Structures are given as structure tokens and as C-alpha cells.
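Below you will find one chain, with nothing else, as C-alpha cells; this is the form predicted on its own, and questions on how it binds or moves follow later.
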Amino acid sequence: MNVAVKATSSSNRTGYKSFELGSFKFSRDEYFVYIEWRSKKGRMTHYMSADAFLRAMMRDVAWGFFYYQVNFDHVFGTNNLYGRVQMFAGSYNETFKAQGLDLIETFETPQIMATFQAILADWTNAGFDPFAAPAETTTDWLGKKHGNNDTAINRQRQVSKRMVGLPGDTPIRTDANGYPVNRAFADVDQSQPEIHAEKGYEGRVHGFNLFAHLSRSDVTWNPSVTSVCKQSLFCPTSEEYILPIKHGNDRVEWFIQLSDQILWDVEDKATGRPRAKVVMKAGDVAAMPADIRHQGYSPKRSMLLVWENVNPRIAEMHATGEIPPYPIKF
């Protein structure tokens, strides 16, 4: 499907294009991104550091707007309605909302996706990888428009249909398919288990070294689907520095810390009020409820397993109160 994207002419000073979608306008300069919208009290402008904005937009695009809410920061973000997407400014910020400074608009998914992809392509300069940890990319997000990095921003998220490594499914990451071991995981054992399947079960009984697979991830904070069992997905990821978005759940999300440590800030999804601070060390398990948003901080590159429930009714069940927003009440 071809979707027209409204972009104004390039800036005379910086070379970056500006974009419009609905009542929202987007522009950037050497340092900052500016998001404009019209509230009940007049025109509003919100600004973010360009690298933070691009890291957040990279995840929103790569995840297909993910499970419900992606907050770029405390003001701007998107809600996935699974076929349509809401874009908002201030709608989940208690102060903006109370002052009538908020706006939320709904777009067909292909329309907003095309706009976000165009912004990402134009504003990502050569040398900057919004999927990488700061130590793994350059500061070329700074300054005037220079080149692009389409290779980085067009990476495809790995999504298996059964389990990574099974015949015809997503391959296990190796040197042979272009995934070297990350610098932080040089000590991870790369050996694979031996599989001895009973006759007739070849291709059905399987195992692989998940730690070795994750040690070769070339991106951060980007869950890959490594196994699918009915409506249960295992989505492990490697994490370093800061999760570029605050993720607002529409289902309970389980975290299993596989290595090292992640610090989590947990806030109320509707207001942004602080709810909890969580320190997860290797071996810890936590459930992130369906009524919160969370942002992680990983001081050293770590491994996290995210366990997702993809029951097609799960979001509706939480929204209507059919099931509580948490897995257990103490």
C-alpha cells in the first residue's frame, strides 16, 4: 500500500525536512526535535534531544507500534489499536491533561507508519545507529543533515514461528550469518546442545544455546521472538544503557533477568505518577502489570527474557476489567 507522506521543503539552515500528520508537525535542527500541536489553549511545542527521539522512533517503527503504548518521553507517544494508531501529546501527563494542553488523534496504521519511516530515514545521519548502544555508534546524530543510514534503520526484527533453529525457521545467530559475539559477552559459552530425537520426531524435538544466541545481538532493547508455543511468546533481548521509550502495557508482561542487572522505573500508565522502582539481578522474575508503564536502565549490557501473552482477547479482557491488571493479589 502506497501512502502519501506530507513533508515540507528542506530547511535552508540544517537540511532536514519537516513533516505533518493530522494536527501534528515535526521538525528538527542540529540538536533537537520539535513536536507541535494545537491544544484547547493554543499552539504547543514540545522538544526532545534528536538522538533520544530517533532511538524511540526506531523502536516504535521496528515493533509495529508494539503492545499498546509507546511513550517517547513524558509527553509524546503512540497507542496501538491494532489496525489504527493513536498519536498523543500530553494525554498521559497529569499536568498537561489538567491544563487542557493535550491532544490525541487516530490514524490508520499504514499512514502513521509511512510518516514515521520517512522521518526516521531523513533524520538519521550517516554513522548514527539508533538501534545501537551509545558506545557502539557515533555522535553523527548531531549537526546538519549529512547522509543516511538506511541499512541500520531497515533491520528486520527476528520472529520465529516455532523455535529458533528449527528447519525452515529463524536461524540461530552465528558468525556464518553475520552475527559476531558482542564485546560485552566475550566470555559466553558458544557451544550448542546435541539433539538426539527419537525416530519420527526429527525436526520436532529441538534445543539451542539461548545465551550464545543473545550474545550475538547487534541491537539493544529490541525483543526477538525465539519460541512460540500456542499463545505464549518468549522474546529475549540484550539491553544496554536506557530503554529509549516508556512502555505502557495492555497485558501483563513477565520479565526474567538472565544476566547482570537492570533498574526499572515504574509509573502509572494514565498519569505518569511514580509507582515503583525495581532492581532485577540475574535469576530474578518480575511481572509488569497491565496498568503501568516502565523504563529500564542497564549499566552493563545484560540479557532479559520477556514473556508475552498474545491471546487475541487479552487486551480487551484487561480493558473491561474481566481480569485484573496484575497476575496475583497478595
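Please read all numbers here as calculations on a predicted model, not as lab measurements. Residues carry their position along the shown sequence, with the first being 1.
Same protein, other form: the form predicted in complex with a small molecule, not shown, and the subject of what follows.
**Student:** Among the candidate residues Met58, Ala290, Leu304, Val33, which is the single one with a non-hydrogen atom no more than 4.5 Å from the small molecule in the model of the complex?
**Tutor:** By the 4.5 Å heavy-atom cutoff, the listed residue in contact is Leu304.
**Student:** Which residue among Thr174, Ser91, Thr237, Gln86 has a heavy atom within 4.5 angstroms of the small molecule in the model of the complex?
**Tutor:** Of the candidates Thr174, Ser91, Thr237, Gln86, Thr237 is the one lying within 4.5 Å of the small molecule in the model of the complex.
**Student:** Within 4.5 Å of the small molecule in the model of the complex, do we find a heavy atom from each of Phe26, Tyr47 and Met113?
**Tutor:** Checking in the model of the complex: none of Phe26, Tyr47 and Met113 is within 4.5 Å of the small molecule.
**Student:** Taking the shortest heavy atom distance, is Tyr297 within 4.5 Å of the small molecule in the model of the complex?
**Tutor:** Answer no; every heavy atom of Tyr297 is more than 4.5 Å from the small molecule in the model of the complex.
**Student:** Consider Gly77 of the chain shown here, and say whether it contacts the small molecule in the model of the complex, taking contact as heavy atoms within 4.5 Å.
**Tutor:** Flag for Gly77 set to no.
**Student:** Is Trp141 close to the small molecule in the model of the complex, meaning a heavy atom pair under 4.5 Å apart or at it?
**Tutor:** Judged by the heavy-atom cut-off of 4.5 Å, Trp141 is well away from the small molecule in the model of the complex.
**Student:** Taking the small molecule as it sits in the model of the complex, is Leu243 near enough to touch it, meaning that at least one heavy atom pair lies within 4.5 angstroms?
**Tutor:** Taking the distances in the model of the complex, the answer for Leu243 is yes, it comes within 4.5 Å of the small molecule.
**Student:** Counting any heavy atom within 4.5 Å as contact, can you tell me which stretch out of 253-261, 133-141, 91-99, 176-184 lines the small molecule in the model of the complex?
**Tutor:** Within 4.5 Å of the partner lies stretch 253-261.
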